[in-house]
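A lone chain, given as structure tokens: the form predicted alone.
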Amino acid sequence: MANSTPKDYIIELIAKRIAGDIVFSQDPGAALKKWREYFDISQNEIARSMKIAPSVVSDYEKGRRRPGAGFIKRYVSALLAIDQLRGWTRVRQLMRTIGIPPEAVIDMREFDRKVTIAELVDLVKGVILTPNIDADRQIYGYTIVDSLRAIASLSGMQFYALLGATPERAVIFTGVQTGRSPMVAVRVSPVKPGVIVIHGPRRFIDPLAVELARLDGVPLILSLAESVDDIVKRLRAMSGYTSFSLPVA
């Protein structure tokens, strides 16, 4: 982990959390300064990265100017860009607070709009395995999980947090053999996702997996997509994904 690069969805989550903290702060200028100091970055350094004068940074941090959404986005991006050059020292600390281990998660996004289960089935080239599903039920985001890595690396609490990260979320398990293992894990979890998608089985779906999904009232979909990359590409298109870009410090 020490030599790995944080995945872009984690960087985006961290950026949104920092930006949200600034926006909702009673004193946005003080919040700007707090995060700059947390990243151990001087006013001169962040000003250079943002291509503005240090006095402008000072004006915002002291409340002489009130930051808008555009400035906050540039400010946070500059913090992350400088931290990237330093080897992601602060981002790695913040990763621990999110509780989403990057080694087990392939991708994680929110949809730009509400997506129905019927639309999700089309996106993942899926087949619904559980009966009496409300095809108009709405899903707000997705998490794609490497099943084998999740089993090997996640604690019970981490797995529960992963499943319940957002209500009405699609959790897509990849590398699945028969579907039993992920559904047993979902069965014992106190929180349930909005829908489960399994990718991998081609010839045999364990009837127990379908029965467990039915007992929990969780729609179960079998994805027949050719590859995980295909699923990621199609879902990212629906989420309005654009790679999180950092300015050069």
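Heads up: residue numbers just count along the shown sequence, starting at 1. Only a predicted model underlies this, so the values are computations on that prediction, with no experimental measurement involved.
From this point on, the text means the form predicted in complex with the DNA, which you will not see here.
- This chain lacks the partner; the member of Arg214, Arg180, Arg187, Lys33 within 4.5 angstroms of the DNA in the predicted bound form by a non-hydrogen atom is Lys33.
- Of the listed positions (Lys125, Arg92, Arg74, Arg149), a single one reaches within 4.5 angstroms of the DNA by any non-hydrogen atom in the predicted bound form, namely Arg74.
- Only one of 219 to 227, 51 to 59, 187 to 195, 202 to 210 lies within 4.5 Å of the DNA in the predicted bound form by heavy atoms, and it is 51 to 59.
- With respect to the DNA in the predicted bound form, the three residues Gln84, Pro102 and Arg109 uniformly fall beyond 4.5 angstroms at the level of their nearest heavy atom.
- Within this chain, Gly29 is remote from the site of the DNA in the predicted bound form, having no heavy atom within 4.5 Å.
- Looking at 186 to 218, no residue comes within 4.5 Å of the DNA in the predicted bound form, counting any heavy atom.
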